[in-house]
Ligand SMILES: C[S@@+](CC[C@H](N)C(=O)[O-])C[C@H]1O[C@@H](n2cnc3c(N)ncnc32)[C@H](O)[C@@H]1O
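Take a look at this single chain, the form predicted on its own, given in structure tokens.
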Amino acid sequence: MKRGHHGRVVLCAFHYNRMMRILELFSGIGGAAAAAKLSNVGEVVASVDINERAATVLRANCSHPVFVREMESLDDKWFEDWHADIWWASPPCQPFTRRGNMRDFNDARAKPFLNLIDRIDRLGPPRIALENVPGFERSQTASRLRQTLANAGYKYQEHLLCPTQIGIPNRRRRYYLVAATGGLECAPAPISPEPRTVSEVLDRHSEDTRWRCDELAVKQETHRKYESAISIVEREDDAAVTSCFTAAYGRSYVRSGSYLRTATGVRRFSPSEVLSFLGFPSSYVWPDEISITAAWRLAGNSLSVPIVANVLASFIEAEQL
């Protein structure tokens, strides 16, 4: 990760004279699509994921085509026909986590991304951006990706970034890579959006009635059992920072995200509030058919929109170097 003076996070500045066409691969609920709008870099022209529920949420919040397909089932022509300037990818992280036994490319869930690496070698998209968990950069899969990029003449940069570094009260440290066949030029990260405190995040969803209070409440005996092992924040604490929300939030109490202390006890954050911590616009909706458990899982698998916006804003046209 690159740093400027006094430890300030440094990303790359983007200079362009037209809106980029972005192909969103392993799209989930559309974090990259939301980030593209925030950064004003371009627009997502198509999204692909294997999760039908994620696609349902994405279709309710966007107008571009959303495909529920295995990466291996798409032929090269499908990719070429979109004439994309940027391939965004957020592949499954389980092969690179301790919980997933860190099986790397031996994990079947890594196969779609390995297929994508081979496709990068064949098709040579102009720009590539990638997100995954910390530790991915030490994997054999990452080594294969770097070698493919180097052999194909790409210049690339790697970063470990967290929303707290731009003032957002949510920890979500992730690995990011940007690569281009042209050039990359570094400058201070330009995007640092509001809100910045837990209270401000919650105020964005003050009218949220999608989720019942009893679905969010944590029973007192459960609170007492896990009190020393879970992260509990208070609304009026301007210094509070929430832990990383994971796909296990709502099912596992420990190491899956923070909880909110209220006048009547402790409760979970609603899926809409989790999206707000992730920087999604307050207009983002959950379709009625998506249960609260499914919504927590989908949100926990998503992205920090402001950080991704900065990453997407890292490309510069080669002829402008």
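Start at 1 and count along the sequence shown; that's the residue number. In this text the structure is predicted, and so the values were computed from the model without any measurement.
The protein also exists as the form predicted in complex with the named molecule; that form is not presented, and the subsequent description refers to it.
Across the proposed site, 49, 71 and 303 without exception bring a heavy atom within 4.5 Å of the named molecule in the predicted complex. This chain is drawn without the named molecule; in the predicted complex, the residue among 279, 271, 257, 31 with a heavy atom within 4.5 Å of it is 31. Only one of 163, 95, 91, 250 lies close to the named molecule in the predicted complex, with a heavy atom inside 4.5 Å, and it is 91. Only one listed stretch (23-31, 286-294, 38-46, 263-271) carries heavy atoms within 4.5 Å of the named molecule in the predicted complex, and that stretch is 23-31. Although the partner is absent here, residue 169 is not a contact residue: none of its heavy atoms lies within 4.5 angstroms of the named molecule in the predicted complex. The shortest heavy atom separation between residue 112 and the named molecule in the predicted complex is within 4.5 Å.
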